[in-house]
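The chain below stands alone and is given as structure tokens, in the form predicted on its own.
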């Protein structure tokens, strides 16, 4: 999996990420990974569902990975942040 096939989800509108994922598939990718942390996880799920149900109906969720990442917070301490990777694959 190359880094080119990864869409990082942040604070933008869902349709911005839907466009990015759809573009990756239309440029010939067979698999795209949607990655998100913290509050952006719900946006990542929405992105995957909109892509699958409205734009590219031959795309399926191949795998979902969840984990916890430890990040340094503003006070210098550590905080745990949930992260998720959604693997989308184009069916044949």
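Numbering follows the first chain given and starts at 1. Remember, it's a predicted structure, so these values are computed and weren't measured experimentally.
Form predicted in complex with another copy of the chain: not shown, discussed below.
K.L.:
Using 4.5 Å between non-hydrogen atoms, is residue 82 touching another copy of the chain in the model of the complex?
P.N.:
Residue-level check for residue 82: yes, a contact with another copy of the chain.
K.L.:
If you check in the model of the complex, is residue 32 within 4.5 Å of another copy of the chain, heavy atoms only?
P.N.:
No, no contact at 4.5 Å.
K.L.:
Do residue 49 and another copy of the chain come within 4.5 Å of each other in the model of the complex, heavy atoms counted?
P.N.:
Contact check for residue 49: yes, within 4.5 Å of another copy of the chain in the model of the complex.
K.L.:
Evaluate residue 68 for contact with another copy of the chain in the model of the complex, applying a 4.5 angstroms cut-off between non-hydrogen atoms, and reply yes or no.
P.N.:
Because a heavy atom of residue 68 falls inside 4.5 Å of another copy of the chain in the model of the complex, the answer is yes.
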